[in-house]
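Read the single chain below, which is given as structure tokens and is the form predicted on its own.
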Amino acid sequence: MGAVAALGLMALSASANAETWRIGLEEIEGSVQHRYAERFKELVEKKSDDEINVQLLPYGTWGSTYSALYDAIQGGAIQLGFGSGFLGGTVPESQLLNLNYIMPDDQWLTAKVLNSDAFLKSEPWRQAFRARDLVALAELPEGNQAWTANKAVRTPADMKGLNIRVMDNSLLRATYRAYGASPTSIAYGELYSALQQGQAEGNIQPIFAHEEMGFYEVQDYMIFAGQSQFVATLIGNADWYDGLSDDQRAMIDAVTKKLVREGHDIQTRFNKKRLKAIRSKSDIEIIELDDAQRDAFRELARPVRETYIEEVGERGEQSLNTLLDAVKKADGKQ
């Protein structure tokens, strides 16, 4: 039975009088996305007096590739879902969220900026998704991304030639080439064995993913460079969204606004707990770069902004400028 047909059968289990909204997750049960989606479900079902049933579809229940999830949302078989680094293949402008050293150091400030009307509802960002039959409903920063490697990395010289795994995303490859590394793309499900067997020498993940997937077990160093947070965009099918009532759209807006703070708190708890687990279960060495060390990487990352603009075009440039302006205002720098 095909994935879409199976989803149709699953919907029959819902109340005959309830409208079903399916939400596809890029992550497994027990993840940051999963907990956020659970709260989204709870709030929507409560606010709708159970007239809406929200069905969670964790990683693997909708197909075998992230593109299958995005295709299902674009086609309307799934109404809602998350898109992160791989979403760049569907919405090129979304690669903006993969650029290094553009977000505030303060993770809560990042969550507020990304979910502000000034950015999330800005015309270039809105049109980037609309052009692909999608709507961007919320941004979920899932915590700082950390590097792991089989050698200590404190400077770009240490990164030189490192065969580091990145998501299949042109901007990430450009970024790590700028750092001097040799980026490679390996399927997420194959990454543990690739690190174990030496097919990759380094890795980039939020803390919870390092722990969840056991990547830390086959790496010697974990490096915090403050270069980026892992950000997932909550997206919806545009036709589905436009077909909702005004009250339903207002409800989604109210729920996602409430979840900005909750999402931040969820990822903070998850990542703190997972880092503690990594420390207790391994002897991996933790390295935190100081400001001067970070500045060396920041300087190399800056020209990649131009690469982004060249690849994505005017709408991407407008989105970048909108985000940078929102960050400056939030930081009190203008």
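None of these values were measured; they are calculated from a predicted model. When you see a residue number, it is the position in the sequence shown, counting from 1.
Omitted here: the form predicted together with a small molecule. The next part is about that form.
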Could you confirm whether residue 153 comes within 4.5 Å of the small molecule in the model of the complex, counting heavy atoms only?
-> no
Proximity of residue 66 to the small molecule in the model of the complex, heavy atoms at 4.5 Å = yes
State yes or no: in the model of the complex, is some non-hydrogen atom of residue 179 no more than 4.5 angstroms from a non-hydrogen atom of the small molecule?
-> no
Exercise: residue 209 in contact with the small molecule in the model of the complex, heavy atom 4.5 Å | yes
Interface residue in the model of the complex among 240, 224, 188, 101, criterion: non-hydrogen atom within 4.5 angstroms of the small molecule | 188
Exactly one of 147, 230, 216, 119 comes within 4.5 Å of the small molecule in the model of the complex through a heavy atom, and that residue is 230
Which among 78-86, 249-257, 194-202, 130-138 is in contact with the small molecule in the model of the complex, heavy atoms within 4.5 angstroms?
-> 78-86
